[in-house]
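Starting off, we have a lone chain in the form predicted on its own, written out as structure tokens.
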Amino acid sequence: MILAILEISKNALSEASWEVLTAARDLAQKTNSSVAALLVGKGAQALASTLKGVGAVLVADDQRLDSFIPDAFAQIVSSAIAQKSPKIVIAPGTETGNDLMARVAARLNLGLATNCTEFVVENGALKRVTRSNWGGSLLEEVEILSSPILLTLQPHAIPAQMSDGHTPTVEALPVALSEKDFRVRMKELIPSEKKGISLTDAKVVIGGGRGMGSAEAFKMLEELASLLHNAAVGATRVATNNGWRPHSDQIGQTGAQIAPDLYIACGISGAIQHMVGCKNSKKILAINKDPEAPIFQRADYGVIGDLHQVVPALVAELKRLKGV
């Protein structure tokens, strides 16, 4: 059995969870296994019947689990592994998923490979995984010797694919939780003040770097985003450190990891720390006046020119086409 650990966000499955389900189904097909999903949290029971393409859904629904509670969640996952004896356990490689699986690995004295991007199956068994390390600047090939194999999947490494399979059986997972399991819990979640589409959800992301020159210059990027469907504006670390954009807009090794259909990089040189944050973009358009900028080596399309002339011209043309 492949056990997929899923995350609930705002009363729905997160995008990373759908990616994990896709990876679990693929692994199950290659290893001749079945797939079971584990849903933990308040409202999990209601979501269980919406899953397709899995044999069973294990549910741990408890009113006290209204947010991520590290020890309680780790106790539930550890109990599920002990009861069901899966060959592989895979969870989202989000901050929550990596935290959870590290705790599970420690409890069960097992190895763990986080942020996996590829899986190598030989003779019906998972032999090796490739994992992203050092913020994406290093790809590491790992062989896991412990059993079961514990993994997390790097977000956006595998596109989510929905399944039209049969409705799974739903099974309540009996787990005894003590007060000790609730000693650490999330007290308050403060949402970002930023309105509109998030960087991780946007289909088009427009990033600004050192070449923008000022906070005022980002207004042209905001205007460009307003003319495109499902677009958001981000920035490099230099831009956020200079106070031109809030740190929540930062894309890169220490910022957001994005995977839009199109990334428009304006005045960005292409330092590795930034590129690891946008490497999963389907297409990259670079606008830079330096023809030797490293970003052109990664870009699918390039415009060699002053962004302060190119972007306003692009905005004007889009307005003309839209009749604005």
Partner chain sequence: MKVLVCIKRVPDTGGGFKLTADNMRVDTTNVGFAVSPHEECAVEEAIRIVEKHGGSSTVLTLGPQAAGEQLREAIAKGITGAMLLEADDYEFWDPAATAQAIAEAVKPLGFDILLFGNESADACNYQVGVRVAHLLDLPCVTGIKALEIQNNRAIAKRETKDGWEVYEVPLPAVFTVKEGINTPRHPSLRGIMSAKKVPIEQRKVTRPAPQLVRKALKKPQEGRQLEILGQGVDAVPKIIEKLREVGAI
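Because the structure is a prediction, the values reported are computed rather than measured. Just so we're on the same page, rigid core means the largest C-alpha set that superposes within 1.5 Å between forms. Numbering follows the first chain given and starts at 1.
If you look for the form predicted in complex with its partner chain, you will not find it shown, but the lines that follow are about it.
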Interface segment, criterion being heavy atoms within 4.5 Å of its partner chain in the predicted complex, picked from 81-89, 214-222, 101-109, 161-169: 101-109
Interface membership of E95, its partner chain in the predicted complex, 4.5 Å heavy atom rule: yes
Proximity of L138 to its partner chain in the predicted complex, heavy atoms at 4.5 Å: yes
Partner proximity in the predicted complex: Q273 to its partner chain, non-hydrogen atom cutoff 4.5 Å: yes
Contact of M186 with its partner chain in the predicted complex (heavy atom, 4.5 Å): yes
4.5 Å heavy atom contact with its partner chain in the predicted complex for all of L13, L47 and D61: no
Candidate from A56, L51, L27, A299 lying within 4.5 Å of its partner chain in the predicted complex - any heavy atom: A299
Heavy atom within 4.5 Å of its partner chain in the predicted complex - residue from L177, A157, L173, I144: I144
Residues in 217-244 with any heavy atom within 4.5 Å of its partner chain in the predicted complex: L227, L228, H229, R237, N241
Core-aligned C-alpha movement of A12 between the shown form and the other one, 2 Å or more: no
K42: Cα shift of 2 Å or greater between the shown form and the other one (core-aligned): no
C-alpha of N280 off by 2 Å or more between the shown form and the other one on rigid core: yes
